[in-house]
Structure formats: structure tokens, C-alpha cells
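So here's one chain in two forms, each on its own in C-alpha cells, numbered structure 1 and structure 2.
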Structure 1
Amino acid sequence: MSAHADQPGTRFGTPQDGVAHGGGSGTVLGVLAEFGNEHGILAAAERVRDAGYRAWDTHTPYPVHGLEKAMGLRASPIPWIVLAAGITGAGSGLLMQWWMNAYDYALTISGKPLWSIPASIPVTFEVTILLSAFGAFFGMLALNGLPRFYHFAFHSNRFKRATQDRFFISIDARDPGFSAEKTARFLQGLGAASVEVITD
């Protein structure tokens, strides 16, 4: 497995252990491992999960069925966020109409009540949908740490194929169990086609 000298922002030597290393004195940002198919990354993700790593991610060109279980991801809290936002929308919609029609600017028209739930349903429904959509959208962004304009994997030319036909696992140097050499050799032992220690 040969190292590549055309990586932007990094310089690689010719490693003896099959792991590409940053040749400069920059800070180690993480380790990137490349796999050739979805079966390889599924098996590797299970091993990374079982090894106790926490600050890591997978990168695939298309959704891989079962990858979330292999990574040990918990059920998404998005449904609860949407529910809370929807309840807030319904309550605020009803409260807004009550305030306007029955308190702030009360008008008696043909003996009708100042405020009633049936007459308030359309606006309540719209506000419920609006806040639910906001909850889903912004909740997803927050939970995914987006927008993210930079990732250490961008230093690798190989990573460009993550949107085409290659599968990657990246382990961040901020992980409590991270050790550049140990982590790189661990990933190499999982059958990675290439392993790169990324430096800035």
C-alpha cells in the first residue's frame, strides 16, 4: 500500500506499515480509513463501535442499510422535538386567537361567542405545521452539527470518492481513546484499503 504525495495540505512519506503519515510537524487531526464496499464498512463500523470510540463517523456514497445499528447510534430524538414544536404551535395558535378576539379587541357579532375552538382550528393547524417543520429542520441541523464547513477528511484526495464509489471511516483526534499510530493500525487491521493519518 503506497502513500500518496498529492494530498493537499499534507506531505506523505513512504510508510513501512501501510499507513500514510503526514510528513510535516502539523497537529494530528484524525485518521481516515477507506473501504471498497458496503460489507467492509459495515463490519468495520461494528468493530470501531465495540472498541469504544465515540468521536467517529462513516461516509458513504449512498445510504447503507443497517449502518446506524453497526455504529451503535441511538434512536433519533427528532420525533420528540417535532412533537414538542407541534404542541407549542397548537397552544400558541389558540392563545394568539383568544388574545386577539376575546381580550385585546373583543367584538360581539350577532350574539356569537367572542372565542371558540372550532373557529380557531384553521389558524391553529397552520401554526402547528409551521412550528413542527421548523423543529424538524433546525433540530436535524443541530443534532448533526450542521452547518459544518470543514472536516479534517477534506485534506485527503481519496475522500473525494466518498460521493462516488468508496466508503470511509473517520476517527477524530479529539476522541478520548485516540492514538494516531494505534488507531491507524487498528483500522488497517479491519481490512481498510488505505489508512491515512491526517495532519493540518
Structure 2
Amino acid sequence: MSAHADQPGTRFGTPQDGVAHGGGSGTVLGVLAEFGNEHGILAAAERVRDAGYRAWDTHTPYPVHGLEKAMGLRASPIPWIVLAAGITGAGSGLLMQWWMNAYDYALTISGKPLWSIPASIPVTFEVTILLSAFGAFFGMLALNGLPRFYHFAFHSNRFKRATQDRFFISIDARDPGFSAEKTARFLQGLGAASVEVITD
């Protein structure tokens, strides 16, 4: 096997079945499959999607075009969150300036009207952008379940290369269709460079 085999914290199963075992000796947490390139993971993700798995994810060193389609992800609700946040920003920006300049502390400056749209547009624009950006950023974090400090794949030493040059599919043991042996064989059949069963 690869040079990673002798690193601490990783134990490997019998070479005959070709499936490695990473992590501790407790309950099975999930299965991790490694691919050498994006074509491999795109093809594999389609098969995992079609096999009906739900609690699974892909991990790649860079955004792979078309992966969301191969994974069968639904359209993100982010645009609607951003739109709602932007409209809120525009409304509250206008309201804030009206309340400050025309209502709570009315003060005439160089003969300008107390309340005028042109003078209020820059601040309204900025508040719209600010809240839209908040909506996009925090909405994205919340929908992704971030910040997240633990994932069962962290037990694998191979997984460190997910940020360098390797592509991974992880299937969680909590998936209703999961079975350590069957799922591992299934992933192996998809052309994975290596398959690891991760235990606690």
C-alpha cells in the first residue's frame, strides 16, 4: 500500500479485501473513499447519488465544476435569504435616516429639505449591501452547518491530502442505507484509489 500505511493512528485491514480501517477500534463511524482526480470523483458521486445515499459528502482541494449536480444537491436558498436581507437593509437604512434627520433631531442644513431621497441614497445603498453580505455569509455558514470542529474523516491520515491533491467521498454510518462492508465494497467498485472504514 502507500507510504501512509506506517504512519501512527492508522491501521489497515487485510490486504486481500483491499479495504483499510482507520481510527480506533470502537463503533463504525463511516466510510471514506479516495480518488486521484476530479473526473473520478464526479463519476463516483453520480453513482453514490443514484444508489440513494443521503448522509454523505465530498471533499475536494478546490471547487470542482458540476459536482453539485453529480451529488444531486438541490438549488441553494441563499439567493432568497440575500434578497430578504437586502430589502430589509434598504428599508431600515431609509427609516433610520428619516427618523434621525427629519423626526428625532430635525435640523435644517444649508436650506436642504429635512427629508430628501437623493441625500439618503448613499447610506441606504451601503446598509443594503452590508445586510446582503451578512445574509450571504452567515446564511452560507448556517446552511453548511458551520462552524464545525469535528468530522469522522479527520481520523484518517490520508484525509489530510483533501486540501492538497486528493478527492474524497465520505458516507456517514448514520445513513439509513449504510452497512460498513457493503458500502465499502460499493465505493471500491467505483474506482476509488483506496477505501477506508473509519471507527471510533
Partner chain sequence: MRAPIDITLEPRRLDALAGRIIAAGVLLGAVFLLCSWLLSQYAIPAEARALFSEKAFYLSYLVGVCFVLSLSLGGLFFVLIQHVTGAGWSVVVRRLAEGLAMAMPFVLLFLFPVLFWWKGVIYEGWMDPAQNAHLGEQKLGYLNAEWFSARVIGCIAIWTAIAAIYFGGSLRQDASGDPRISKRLKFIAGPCIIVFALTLTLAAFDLLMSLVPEWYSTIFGVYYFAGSAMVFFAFLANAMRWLQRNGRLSHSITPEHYHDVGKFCFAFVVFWAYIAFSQYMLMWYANLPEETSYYRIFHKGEFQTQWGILGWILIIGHFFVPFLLLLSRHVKRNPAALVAGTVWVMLMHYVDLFWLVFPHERSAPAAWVYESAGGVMTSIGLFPLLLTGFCATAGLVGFYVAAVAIVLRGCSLVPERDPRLPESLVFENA
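Computed from a prediction, not measured in an experiment: that's the story for all the values here. Here, residue number means position along structure 1's sequence, counting from 1. Basically, rigid core = biggest C-alpha set you can superpose within 1.5 Å across the two forms.
Novice: Go through 1 and 2 and tell me the one that is the form predicted on its own.
Specialist: Looking at both copies of the chain, structure 1 is the one that matches the description.
Novice: Is Phe168 in the same rigid part as Gly72 between structures 1 and 2?
Specialist: They share a rigid part.
Novice: Roughly speaking in whole degrees, what is the angle the smaller rigid part turns by between structures 1 and 2?
Specialist: Rigid-body rotation of the smaller part between structures 1 and 2: 12 degrees.
Novice: For Met96, what C-alpha shift in Å is seen between structures 1 and 2 once the core is overlaid?
Specialist: Between its two positions, the C-alpha of Met96 lies 4.0 Å apart after core fitting.
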